[in-house]
Ligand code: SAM
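Have a look below at one chain only, the form predicted on its own, in structure tokens format.
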Amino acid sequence: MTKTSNNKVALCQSAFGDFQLKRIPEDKNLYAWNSADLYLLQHLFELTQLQKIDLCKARILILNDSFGALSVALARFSCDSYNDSFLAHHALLKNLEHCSLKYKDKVKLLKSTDTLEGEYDLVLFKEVKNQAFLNDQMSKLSTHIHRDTIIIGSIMAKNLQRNTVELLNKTIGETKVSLTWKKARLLIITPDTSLLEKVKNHQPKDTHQLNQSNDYQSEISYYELENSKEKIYNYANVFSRNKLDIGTRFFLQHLPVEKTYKSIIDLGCGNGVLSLKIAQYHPEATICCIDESYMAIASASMTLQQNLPEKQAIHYHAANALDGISPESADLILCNPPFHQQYIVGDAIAWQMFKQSKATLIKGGELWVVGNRHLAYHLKLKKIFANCTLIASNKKFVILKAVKT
């Protein structure tokens, strides 16, 4: 259920209490939770009433909690919140501060590149769109559960993919799908401990590993750039991890090479392919790779370290767009804005990136953007910068330049 308080802050009413939650970035048309969150919390509450689990004694892991709805509701019991999204962790901390400061220290944030430790008695997860990432998560999880671990996932019914249940059956155990409630469904998993040894014996396709323990190692794929031997590395949750996407390919053909730049930011860097090429064109420039995905930052770091000389100045930041970057500190920003957060399509992130880019650029600094034609980014750029130049276009994409005057 949802209510709006007197100060217009949305109130999430769950089985574990009512909490004021916000999305990041904010969107007046969307809430920081959905019925899949409420369904999962209601089911868990019923399990506690039936004494199937004692949350005060259970070790709890929460996966893919988009804006903190699950973690905030269960914070008083202590839990680990694992995510690939800096934005998700940022939103969770903000919502914890807003709702209950005394519980802030009881939620431990885990990055997707971190190693899990010990066994969990309760695992709650929101199903993700990227099946490779879901497989990576579940394979990692399977070495940190026991035969009595309660595992419950939730998803909006329209987003449930056909192969999700099959993937869960293969990595964790028998998966049952609940009836639909308010367009949401639950995924209830019974752990199969016989799968544990299979995962332990699993070997990554690439020799690079996150750690040297016997824990599951995240797989890292790579592809070679066309007409070169440069390898572009990709962790499981990186966009277009198996091949160069067509928008980036088009952008690579039109990167600025004539002008000299001192400080360049690749905003939404992904696997670092744009950073790699712009660094090669401008070897004296300082390059800053920024993305909200921890796996993207790890991928970009690997891509650039393997393909560039060590002396080049490269920095990496998992961040909420350009938060924390000094004003008037860059003379070139490259940006391929995402137009969705998981299953939600919108332009809030693009707006934030463009507005912050103007503040971050020096006078005369340039923002170069690639995007699908139908997204009409030129209208946003003209509104923010009062100018926009078409650099190149094809049937699907446009490359635009806006200059800070």
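What you see is a predicted model; the values in this text were computed from it and never measured. Just count from 1 along the sequence shown to find any residue number.
This next part talks about the form predicted in complex with the ligand, which is not shown.
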{"property": "Option touching the ligand, based on a heavy atom within 4.5 Å in the predicted bound form, out of A298, V72, C269, L124", "result": "C269"}
{"property": "Contact residue in the predicted bound form, chosen from N320, T190, T180, T143 - any heavy atom within 4.5 Å of the ligand", "result": "N320"}
{"property": "is_contact(S154, the ligand) in the predicted bound form, heavy atom dist at most 4.5 Å", "result": "no"}
{"property": "Contact test in the predicted bound form: N336 vs the ligand, heavy atoms, 4.5 Å", "result": "yes"}
{"property": "Touches the ligand in the predicted bound form: I349 (any heavy atom, 4.5 Å)", "result": "yes"}
{"property": "Contact test in the predicted bound form: S293 vs the ligand, heavy atoms, 4.5 Å", "result": "yes"}
{"property": "Options 40-48, 27-35, 61-69, 349-357; stretch whose heavy atom lies within 4.5 Å of the ligand in the predicted bound form", "result": "349-357"}
{"property": "Sequence-ordered list of residues in 245-259 near the ligand in the predicted bound form, where near means a heavy atom within 4.5 Å", "result": "T248"}
